[in-house]
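Have a look below at one chain only, the form predicted on its own, in structure tokens format.
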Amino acid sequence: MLAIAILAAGKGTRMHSDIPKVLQKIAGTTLLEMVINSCRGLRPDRSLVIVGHQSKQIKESISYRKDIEFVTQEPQNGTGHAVQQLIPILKDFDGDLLVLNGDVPLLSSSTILELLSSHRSRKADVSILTARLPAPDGYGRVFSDNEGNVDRIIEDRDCTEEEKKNDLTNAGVYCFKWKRLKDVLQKLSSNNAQNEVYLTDSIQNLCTAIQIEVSDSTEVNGVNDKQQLSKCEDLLQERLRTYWMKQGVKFISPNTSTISNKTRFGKDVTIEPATHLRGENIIGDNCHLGPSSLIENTELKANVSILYSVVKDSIIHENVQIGPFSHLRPGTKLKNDCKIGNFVEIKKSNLDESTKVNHLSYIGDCEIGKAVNIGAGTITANFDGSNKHQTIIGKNSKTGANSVLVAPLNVGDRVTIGAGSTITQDIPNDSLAIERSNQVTKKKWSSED
């Protein structure tokens, strides 16, 4: 049997943020979610998150995970005190307890599996993940023999100058035999430099303690401040880009682009410089994104081109061209072969196949049929000061330059709207609509002295 406990109760004061430390994000995913996701495949019998500071926010952030139990640590008096809160929760549990920190987001599933496997094969009371760091300041030091048997762990603040020369550090990831740990938890004290109860002090009271050294020390990078958060962001971005390049995505200038954990790519996708993908995206085959584009929570089908544009919360079908300098806002849906050109804004609108909005237009709250041509400078006036209204335009219609369509409005099929018209009334099929005042020309208007 296996239980997992994630420590997420700390204040994170060095973050200087109103957002709890474990809810800070890298690649669009919270640190806590990253740690939870690293446990995929373990199939634990119990999954527990120990909360304290701003616990309501933390609980709400993962409320969709019905398998997670929350345990409150109050006050927050160290890692040993946190795990002591599990004694009544796991009173009848007989298995292994995996303890993870909620601010160590880069740990891989394979490393956790290796730790668990070694723990069980060597029948250890506790197994500790360790890392050798070139600059180990701030990390607890692990002292062990050549076979990995641990003698003791000393926190950095409690180390002598000689002990600080040891570069084998505690990664803060443990696997315990729960019954053995439970017996010694109550013996832990806060007699140390920080007056906290350290979980590491349990090691000396357990018979068999081993350490497993992680092959890539960056996996155990912790996050205590915004600088460390940024470093983890860089490392994760490099991982993500490397993974997707191996899957066939082409990055023209990898270090200038960022992608989210929840973005998925098809084949033969090209990412131009300074292009960023946020949230949950599905990018189809042969898409060409950027340069200098932002795509967020959007699905692109095959052969979509986006140039110098922003696209959010939209669905874009095949063979669509967007940009340069377009802004597609939430609720936009473009069918096959649409063309959206320069300085066009579209919001909460459906455009059917082969429709073109090439220049300088605002399209909001619209249903537009097939093969419609929206002339340069066309505006749908969808707001009456209190409510938004819809404009419907039928297939094969076209608007002239600088037209204003005042919603609510229904424009039929095969309609032509003359340039410079302000349309306020519905237009039936097969009509020409023109709304202009007569031109007045006054000769000899200008005078010269």
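Computed from a prediction, not measured in an experiment: that's the story for all the values here. For every residue, the number given is its place in the sequence shown, counted from 1.
Heads up, the form predicted in complex with a small molecule isn't pictured, but that's what we're talking about next.
Within 4.5 Å of the small molecule in the predicted bound form, a heavy atom is found for not a single one of 251, 324 and 339.
A heavy atom within 4.5 Å of the small molecule in the predicted bound form is found for one listed residue only; from 369, 140, 284, 364, this is 140. Checked against the small molecule in the predicted bound form, the residues 73, 258, 111, 305 give one hit for a heavy atom within 4.5 Å, which is 73. At the 4.5 Å threshold, heavy atoms of residue 118 stay clear of the small molecule in the predicted bound form, well away from it. Of the heavy atoms in residue 218, none are within 4.5 Å of the small molecule in the predicted bound form.
The shortest heavy atom separation between residue 172 and the small molecule in the predicted bound form is within 4.5 Å.
With a 4.5 Å cutoff on heavy atoms, residue 82 counts as touching the small molecule in the predicted bound form. Partner proximity in the predicted bound form, defined as non-hydrogen atoms within 4.5 angstroms of the small molecule, places exactly one of 274 to 282, 372 to 380, 103 to 111, 326 to 334 at the interface: 103 to 111.
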